[in-house]
Every structure is written in structure tokens, then in C-alpha cells.
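Given next, in C-alpha cells, is a single chain: the form predicted alone.
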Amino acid sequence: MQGTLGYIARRLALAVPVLLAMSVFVFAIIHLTPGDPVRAALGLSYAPTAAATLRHQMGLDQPIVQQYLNWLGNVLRGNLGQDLISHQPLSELLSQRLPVTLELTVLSMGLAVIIAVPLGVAAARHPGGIVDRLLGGITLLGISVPDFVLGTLLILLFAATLNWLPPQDFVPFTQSPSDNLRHLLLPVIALAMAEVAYISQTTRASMLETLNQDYITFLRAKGIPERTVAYKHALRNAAVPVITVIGVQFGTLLGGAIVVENVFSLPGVGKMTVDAVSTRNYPIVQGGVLVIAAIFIAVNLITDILYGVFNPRIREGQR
């Protein structure tokens, strides 16, 4: 128990400098982007005097290092800034939009795991069989077709041609669970397809290695049903690399959600951030990217902790 707690404490300590470095990277990238946020905020009412006043209010007339320190201090106090257009606090915008992005990402990963793990196990149990060849085709499709292309094709087929599902828009789950799932079904499929390819191939490779172990041969010799051997015994020991891939790919899903949200006009953090880039809305872009990056780091941290819990050798090696 102490070894596990120590491992978790070390991983938490390592996450702090990573978050700090990410904040520097996000701030630098935004300020290196061409364009003037003051001019974008004032629009047609732009005037030198008004621009100078707004630039002072935003702190853009200070040295870049001081701007970063001011921004970081505000972030640590929970103040992410406000929208330059609507003057609405970013914390309020995130409370409205972050649930959409998280729901899309979690549903996509859940669908990918539900499909990929049984598919990978079945392919490993019968190498070269029908399921294994099917998995090869799914992998090629998932890796080759970008999610925004797949999303567009799904809209053309199921919304424009067959008229089975709505092409765009969003309905909150609290308002209507059934309509919520109907509107999210196509973007979830578009986002999950690539993850099915990665997770199923990882499951297949890990299961093939595990099924060749001596203890699996012993279990088979005892007459235990093959399905029980695969799912109850082999999959448990093959789960470590699968968990790792799921954690890493969750971060990839967050990046893909930015594109998919724009394809399907979903009011998530990704669409908000992309819209803010076009208007040079610094606070929105900085806050949106930082939140997505923080979620990515948190998911990878949880994955590392689970990796150490499931594999004691990792904990022992880092003592």
C-alpha cells in the first residue's frame, strides 16, 4: 500500500512542472500568432485612443514576461479572463461548453472500447480467421480516413440522404436524453473510428502474447472453457498496455473533438476555441487550450497511476 501511495505521489509531483511548461507554451503560441486582439475586439469602432485604453486594460502594453506572470497569477486564483466580445467570464463559458466536449469524448471512447476490446480478443483467439481479417480492414479504414472526412460522409449518408439522424445542432442531455444521443451519434462514431483501430490492434497483440503463456496452457489442460480462459484470465493480464493506449488516445480524442465539433456545429470548448482564434480573442484561446491541455495531462496522470497499480514492477522500478 505504501509503495502504491508513494508511486501516486511521485506522479502527482511530476504533473506540476508539466502543467507549468504547458502554460508557458500556450501563452507563447497565442502571442506569436499574427493579429491584433485589440483591433479585433473594437471592430468598426476602432480608434487610436480607444485602442490604447483597451490595450492598457488588457495589460498588453506591459513586457511579455509580466503579461505571462499576471495571466498565470489570475489562472491560479481561478480567474481565466473574460470574452473580449461578450465580456462574459471564461469560467461561465467553460461551464456551459466543457460538458459538451467531455460528453462527446467520453461517449466516443466508451464506444471505441466496447467495440475494440472484444474485437481484439476474438482476433487473437483465432489468428488469420474471419474476425482477424475484418479487424485488418477496420484498422486500415480507421487510420486512413480523418475524422472530419468520416464525419462529413456520415452526414451525407445518414442525414442528407437517408434522413435518419439530424446533421448538426445539439440538445442537452438534461433537456432530452433521447434527442441528445440522436444528435451525438454521428459525431461519436466519427470520433471513435480511429480509436477502435488503435485499441483493437493493441488488444490483439497483447492477447496473442498472453495466450501463449504457460499458465494459459495449464488452464486449458484443466478443461476450463476457452472463453473463460480468454476473458477471465488472459484479458486481465493483457490489460496493462490496453489501458495505456486508452489513456494516450483519450488525449487524441480531445484534439479530434475540436475538429468534429466544428463539423457538426456542437457548442463545445473546441468550437469556442476555433471561433476565438479567428477573432484573435486571446483570453478565450488561452483558457480553452489550457483547459484541454490540463484534461489531457490529468488523463495521462490517471493512466500512469493505473499502470503502476496493475503492474507492480513499474512501482518497484521507480523507488
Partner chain sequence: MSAPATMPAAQDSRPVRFGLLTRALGRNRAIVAGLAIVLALTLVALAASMITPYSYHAMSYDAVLAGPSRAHVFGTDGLGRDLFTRVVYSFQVSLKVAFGSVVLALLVGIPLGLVAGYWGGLLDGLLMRLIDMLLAFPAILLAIALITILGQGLTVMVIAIAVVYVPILARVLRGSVLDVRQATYVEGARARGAGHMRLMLRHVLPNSIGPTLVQATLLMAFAIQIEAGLSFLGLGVQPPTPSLGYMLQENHGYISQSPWGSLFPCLAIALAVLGFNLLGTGLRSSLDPRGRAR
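So that the term is clear: the rigid core is the largest set of C-alpha atoms that superpose within 1.5 Å between two forms. Since we're looking at a predicted model, the values are computed, not measured. Numbering follows the first chain given and starts at 1.
We do not show the form predicted together with its partner chain, though everything after this point is about it.
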field: Whether 99, 192 and 302 all lie within 4.5 angstroms of its partner chain in the predicted complex by heavy atom
entry: no
- line: Contact with its partner chain in the predicted complex, heavy atom within 4.5 Å, among 143, 216, 75, 181 goes to 143
- prompt: Between the options 111, 224, 94, 248, which residue brings a heavy atom to within 4.5 Å of its partner chain in the predicted complex?
  reply: 248
field: Contact of residue 173 with its partner chain in the predicted complex (heavy atom, 4.5 Å)
entry: no
- prompt: Does its partner chain come within 4.5 Å of any heavy atom of residue 162 in the predicted complex?
  reply: no
field: residue 118, heavy atom within 4.5 angstroms of its partner chain in the predicted complex
entry: no
query: Is the gap between residue 71 and its partner chain in the predicted complex 4.5 Å or less for some heavy atom pair?
result: no
statement: Which of 101 to 109, 204 to 212, 230 to 238, 85 to 93 lies within 4.5 Å of its partner chain in the predicted complex, heavy atoms considered? The stretch 204 to 212
- prompt: Going by its partner chain in the predicted complex, which residues of 231 to 264 come within 4.5 Å of it through any heavy atom?
  reply: 244, 245, 248, 249, 251, 252, 255, 256, 258, 259, 262, 263
- prompt: After the core is matched up, is the C-alpha of residue 27 off by 2 Å or more between the shown form and the other one?
  reply: yes
